[in-house]
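Only one chain comes next, encoded as structure tokens, the form predicted alone.
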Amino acid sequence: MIISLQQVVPTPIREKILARPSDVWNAQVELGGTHWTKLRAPSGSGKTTLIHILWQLRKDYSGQVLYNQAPANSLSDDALSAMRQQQLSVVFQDLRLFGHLTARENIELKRRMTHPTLYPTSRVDEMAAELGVQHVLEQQAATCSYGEQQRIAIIRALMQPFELLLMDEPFSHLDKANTARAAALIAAECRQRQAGFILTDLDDDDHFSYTQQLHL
């Protein structure tokens, strides 16, 4: 999936955005495909806003967003839902887990809604073991640490088809060892699916062999 941004500027922070150079805001840029893209920016530069725009949670922006050349504003609700189930997946910065459900139930909701036969429940346990969170799968998500919740959110995002994975500071509460494990799992899944990703973060890192690095 290719996402094209054409002079996109978020309305609430328009003046702040236009006051400094950016490779993404108010520019012509293509994201996605098989690129592993790093978007680096300091706090307040609109990292989360961009992820929300790419996911079409926010529409308060000027300019145009296109998905495989189709304008975002031309997509029906059904078409947008289908795109989120088959082509796009996301790890939100605030994770958006249901706190009253168990970690496993949070993952299962996504898995069953998308492609339950392609990604069997046994794969949930395998991924959880790889990321060291198998012991919290039956706990309510609200009782898990933020780092555990972050790893559960990563597994949830991987348990569905996608051509492009959106990740908003996905390792912010993980130590170096757990970050390495999570990055290795994400890289393996993206290679297997020949998928790209877009990752936002504050600083430079060596978590992945990025094919595209941009300043937001």
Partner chain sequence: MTPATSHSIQPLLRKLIRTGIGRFRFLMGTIGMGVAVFFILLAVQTFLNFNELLHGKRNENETADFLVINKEVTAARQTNKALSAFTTAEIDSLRQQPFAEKVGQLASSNFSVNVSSYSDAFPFYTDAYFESVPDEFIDVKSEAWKWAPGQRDLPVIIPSFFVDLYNTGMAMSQQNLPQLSMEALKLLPLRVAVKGQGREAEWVGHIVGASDRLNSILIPQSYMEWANQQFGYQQQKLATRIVLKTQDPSDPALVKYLADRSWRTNADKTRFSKVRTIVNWIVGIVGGIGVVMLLFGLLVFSLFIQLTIAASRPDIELLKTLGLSRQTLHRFLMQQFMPVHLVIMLAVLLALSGLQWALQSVLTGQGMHVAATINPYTVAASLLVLVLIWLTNRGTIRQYLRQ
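Keep in mind that what you see is a predicted model, and the values were worked out from it rather than measured. Numbering follows the first chain given and starts at 1.
Quick note: we don't show the form predicted together with its partner chain, though the next part is all about it.
Engineer: Counting only non-hydrogen atoms, choose the one of 67-75, 94-102, 129-137, 142-150 that falls within 4.5 Å of its partner chain in the predicted complex.
Structural biologist: Of the stretches listed, the one contacting the partner is 94-102.
Engineer: Look up in the predicted complex whether Gln194 has a non-hydrogen atom within 4.5 angstroms of its partner chain, and give yes or no.
Structural biologist: It does not: once its partner chain is placed as it appears in the predicted complex, Gln194 has no heavy atom within 4.5 Å of it.
Engineer: State yes or no: in the predicted complex, is some non-hydrogen atom of Trp36 no more than 4.5 angstroms from a non-hydrogen atom of its partner chain?
Structural biologist: Contact with its partner chain, no.
Engineer: In the predicted complex, does Ala184 come within 4.5 Å of its partner chain, counting heavy atoms only?
Structural biologist: Taking the distances in the predicted complex, the answer for Ala184 is no, it never comes within 4.5 Å of its partner chain.
Engineer: Indicate whether its partner chain has at least one heavy atom within 4.5 Å of a heavy atom of Ala180 in the predicted complex.
Structural biologist: No - in the predicted complex, heavy atoms of Ala180 and its partner chain never come within 4.5 Å of each other.
Engineer: Only counting heavy atoms and a 4.5 Å limit, does any residue of 110-140 reach its partner chain in the predicted complex, and if so which ones?
Structural biologist: The stretch touches the partner through Lys110, Arg111, Arg112, Met113, Pro116, Thr117, Leu118, Tyr119, Pro120, Thr121.
Engineer: Having a change of 3 Å or more in the C-alpha distance between Thr179 and Pro116, I'd like to know whether it is closer or farther in the predicted complex than in the form here.
Structural biologist: Relative to the shown form, the pair is farther apart.
Engineer: Lys110 and Thr117: do their C-alpha atoms lie closer or farther in the predicted complex than in the form you see, with a change of 3 Å or more?
Structural biologist: Those two alpha carbons end up closer in the predicted complex.
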